[in-house]
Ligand code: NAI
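In the form predicted alone, a lone chain appears below as C-alpha cells.
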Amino acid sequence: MKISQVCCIGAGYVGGPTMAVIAHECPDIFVYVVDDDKEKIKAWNSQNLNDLPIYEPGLKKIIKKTRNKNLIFSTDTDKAILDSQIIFLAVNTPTKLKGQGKGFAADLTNIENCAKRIARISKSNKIVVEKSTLPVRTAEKIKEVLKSKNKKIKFEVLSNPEFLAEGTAIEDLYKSDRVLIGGENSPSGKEAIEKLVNIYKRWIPEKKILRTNVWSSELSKLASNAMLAQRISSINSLSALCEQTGASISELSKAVGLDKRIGSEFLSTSVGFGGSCFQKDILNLVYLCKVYGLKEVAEFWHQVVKINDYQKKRFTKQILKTFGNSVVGIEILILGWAYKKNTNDSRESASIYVSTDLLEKGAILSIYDPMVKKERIKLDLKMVLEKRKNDKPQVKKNTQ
C-alpha cells in the first residue's frame, strides 16, 4: 500500500497543527483535515491568517505554505475517508456526563461514530490511527466496530498519541522528545506501523520513534499527563504550607528543582492547571484503576485533581481576605483568560473558576486576554454558572 493521501477527522488543537506539519514535511502526500463543524473549517480556510481557529506560534507560516496545495481543510469527510490510506482520529473525547463512569470515564461516542463512518465508506484497506487521548484498550473496541460493520476491508488500528503542549505545539512537533506508535504484533500490524514510521522519519530522527504494543501506547499518554499534573499539584500544595510558615515558594521551587533527580520543569506555583487534557486524563486514569480493582491507586491519582481544585478555591479566598471577606461592588481586573500563554484555548482555565467565584460574591469584573474573544469569555462564564446552578441540591417544600 503506497501512502499518497492521509486524512484527519477532527480539525481542532491536535488535528490542525499535526496535519499542517505532515503536509509541510511530506509534499508528496495529500493531506485532508475534515470536520463536520462548518464554521471551524471556514475559519481554517480564512484568507486572513489571524482568523485561524487556533493560535500557535509558527502555525500561520506553515498554513500559508501548504494550504490549498497539499493541505486541504474540508467538510467532505466521506470523500477524504474514501481516498485516504491512513485515517487519523483526532475528535473530542470529553469526560462522560451520564451513565457508567459519569464524571470520570472518557466518552467515546465520537470515536465510535468515526469508526462506523469509516467502515461504511471504505472500499479499500485502511490504517486507522488514534490521535485522541483514549483509555487503554480502545483500539480493540475500534477494530471490533470496523470489522462488524465492514467484513470485506482489512483495517489496522494504530495508537499514535500526541504529546503537544499548547503554545509550543509546532516546536513540539518538530523537536519531539518521542513519537510513540503502537500496533499489533502481527505481520500486517508491523507493516502498518512502518508505514506511519516512514512519514515521521521525514523530519524526526528514527531513534526518537518508539514502536510499542498498542496498549502501552494508549496508556503512555494518560500516564505522561498524570505525572506532569502531579508535579503541578505537588508544588501548589507546598505553596500553601509556605504561606503558613513564612517560607518562600519561589526559593523552595528553585532549591528542589536543582536536584538533578527531580529537575526544574513544572515546579512553578500557579492558580492551578487547566486545559483540555490534564484533568480529563487523570479522571480517566482514576476510572480505569477503579475498574481493575486498584482502589488505592485510584485514590492516589484522584488527589491530584482534588489539590488542583483546592488551589483555585484557596486563591479566591486570598482575594476575599484582602478585601475583608467582601467584594460586593468592588471592581477587579482579570488579566489573562486562556489557561496558559501563547494559546487562545480557555478550556478548564483557572481564570474561569476564580472569576465565577468572584461574580457569585458580588464583584464587578473587567476581563482581558489579547488572544481570547469576548464571546468565548462570556460563553465560558455562562457554562460554569449554569452548571453550578444545576448542581445545587433541590430543596423540596413541605406541603403538609
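Quick note: we count residues from 1 along the sequence shown, nothing fancier. If you're wondering where the values come from, they're calculated on a predicted model, not measured in any experiment.
If you look for the form predicted in complex with this ligand, you will not find it shown, but the lines that follow are about it.
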Exercise. Thinking of this ligand in the model of the complex, which stretch from 36 to 44, 360 to 368, 60 to 68, 22 to 30 has heavy atoms inside 4.5 Å of it?
Worked result: 36 to 44
Exercise. Ok, Thr168, Thr316, Gln230, Ser276: which has a heavy atom sitting within 4.5 Å of this ligand in the model of the complex?
Worked result: Ser276
Exercise. Exactly one of Ser84, Thr133, Ser159, Gln311 has a non-hydrogen atom within 4.5 Å of this ligand in the model of the complex; which residue is it?
Worked result: Thr133
For this session: Answer for Ile249 alone: is it within 4.5 Å of this ligand in the model of the complex, judged on heavy atom distances?
Result: no
For this session: Mark Leu238 yes when one of its heavy atoms lies within 4.5 Å of a heavy atom of this ligand in the model of the complex, and no otherwise.
Result: no
Problem set entry | Contact of Thr138 with this ligand in the model of the complex (heavy atom, 4.5 Å) | no
Exercise. Are any of the heavy atoms in Val91 no more than 4.5 Å from a heavy atom of this ligand in the model of the complex?
Worked result: yes
For this session: Could you list the residues in 346 to 363 that come within 4.5 Å of this ligand in the model of the complex, counting only heavy atoms and keeping sequence order?
Result: Arg347
